[in-house]
Every structure is written in C-alpha cells, then in structure tokens.
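Consider the single chain below, provided in structure tokens and representing the form predicted on its own.
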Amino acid sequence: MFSAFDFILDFVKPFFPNVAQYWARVVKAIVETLEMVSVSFGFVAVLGVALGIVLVVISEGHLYENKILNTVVPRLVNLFRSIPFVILVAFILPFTRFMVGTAVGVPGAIVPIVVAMVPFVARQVELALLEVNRGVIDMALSLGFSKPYIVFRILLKEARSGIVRALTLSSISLVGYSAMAGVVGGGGIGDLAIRYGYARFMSDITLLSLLLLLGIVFFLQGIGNFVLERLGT
C-alpha cells in the first residue's frame, strides 16, 4: 500500500538520490543529534546556571564572599573554556569512560559536550546576574530575607531574561558541538556529513546535513524568542 513515507522518498529521490538510498541512516543521524542536544542541554542548563550563581555569590562583597573560592573557581572555569573541543574530548577520555562506560556514540559525546559547555553557560549566567541592581539585594538584606531566599527568589527572578538569552545561545552552540562530536565518533548529523557527504563525495547528503542543522538552530532560537515574549521582554 502506498504510504506518505513512500511519497516523501519518491519526491526526494530525483534531487537527493543518496539521501533516498541512505534514508534509514539519515533518520538515525537526526535522532542521535536530537538526543545529544536535548540530554546535554538538560545537564548544561542545571550545572551551568548553578555554577554561574556560585561565580557571582562568592565574589568580593557579595552574599557568600569567599576569597579562596573566588580565586580558584573562576580560573578553573577559564581553563576549561580555553580548551578546544576536539582536544577536550581526548583529554577527558578516561573520565568519559568512567561516567558512561564508553567514549563513542551518543553517550560518549554527551559527556565532553557537557564539560565544554558548562563553563560557557556559567559565564553567560554570571553576566546576567551581575546586571541585577545591587540595591535590590541590599534592600532585601536590610528587610531580613535569608541569603538563599535572595538568590532563588530575587536574584534569579530579576535576571531571568538574561538567563533565558544565555540558555538560548548555549542551546544553539550545543548544535555545533554535536556536529563536531560526529567527527570523533559521536554519531549524529556531523558524522553523517563527514562519513557520507565528505568521505564518499555525496554532496546531497552534505547539503541535507547543513539544512537539518540550520533547521534545528532556527527552531531553538524560536523557542528562546517565545519564552522571552512570555516573560514580557
């Protein structure tokens, strides 16, 4: 029985013959990329926002001022931000195997993506939190509010628009990292583009890979814009 799936393949085949031939591999690559981006984003959002809060509250004159931590933590963040992603993948290979039991495939790609992105998100969140008027914090302290209450109910609330922008930017960067992960055995659309589009000179697969990545980026940016509109910014 003729199905919608067959109709799509018949429509695609004249323009993208290799895509039609390797359609199952294309679908698998899309699923792998979406898995990498979605799972990584969950960890990156939680850990990145938490680390960004730490960077702010331990700074000089802030809620939990700590000179030792304020010396060590920002330097560690800057260190991991400075390592190129491909080198980072090789550098933390033992840690990746320890965490997920493998260094290849989607699980093996998620760990280095998270390690690479958390410092980036933390710095973006830090900038958003530093934009909060210090007078608001001082007033909350004078009214007797606890420090945890100020962090979670005042600081984060005032900086929520900036944090959403940071997470939107980070989700788009995650798409790029997921594509690079394909070069080092992570699978996904990046692996599809390299293994089939580049190595086998299948230009239609390369073009499709580009269009798919652009589509994911535009979709994520649209979600970010929607959330910002709902926040009234």
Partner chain sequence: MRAIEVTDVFKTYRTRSGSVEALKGVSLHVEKGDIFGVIGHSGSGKSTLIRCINRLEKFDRGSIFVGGSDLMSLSEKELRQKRQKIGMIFQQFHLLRNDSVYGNVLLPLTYAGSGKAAAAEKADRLLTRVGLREKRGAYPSQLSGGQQQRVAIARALANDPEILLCDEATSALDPDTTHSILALLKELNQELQLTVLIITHEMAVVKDICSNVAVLDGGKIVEQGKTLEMFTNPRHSVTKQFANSLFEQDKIKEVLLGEYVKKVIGSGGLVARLIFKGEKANDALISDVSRRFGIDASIIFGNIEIIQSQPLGNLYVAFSGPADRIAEAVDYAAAQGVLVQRVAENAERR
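Residue numbers count along the first chain shown, from 1. Here the structure is a predicted model, which is why all the values come from computation and not from measurement.
Omitted from view is the form predicted together with its partner chain, to which the following refers.
Asks: L127 near its partner chain in the model of the complex, any heavy atom under 4.5 Å?
Replies: No.
Asks: Taking its partner chain as it sits in the model of the complex, is S82 near enough to touch it, meaning that at least one heavy atom pair lies within 4.5 angstroms?
Replies: Contact check for S82: no, nothing within 4.5 Å of its partner chain in the model of the complex.
Asks: Closest heavy atom of I87 to its partner chain in the model of the complex, within 4.5 Å or not?
Replies: Because no heavy atom of I87 falls inside 4.5 Å of its partner chain in the model of the complex, the answer is no.
Asks: Although the partner isn't part of this model, could you tell me whether R160 comes within 4.5 Å of its partner chain in the model of the complex, counting any heavy atom of the residue?
Replies: Contact check for R160: yes, within 4.5 Å of its partner chain in the model of the complex.
Asks: Let me know the one among I92, I154, V73, M99 whose heavy atoms come within 4.5 Å of its partner chain in the model of the complex, would you?
Replies: Exactly one residue meets the criterion: I154.
Asks: Tell me the stretch among 74-82, 99-107, 138-146, 113-121 that has any heavy atom within 4.5 angstroms of its partner chain in the model of the complex.
Replies: Of the stretches listed, the one contacting the partner is 138-146.
Asks: Within 4.5 Å of its partner chain in the model of the complex, which residues of 72-105 have a heavy atom? Give them in sequence order, or say none.
Replies: If the 4.5 Å heavy-atom criterion is applied to its partner chain in the model of the complex, 72-105 yields nothing.
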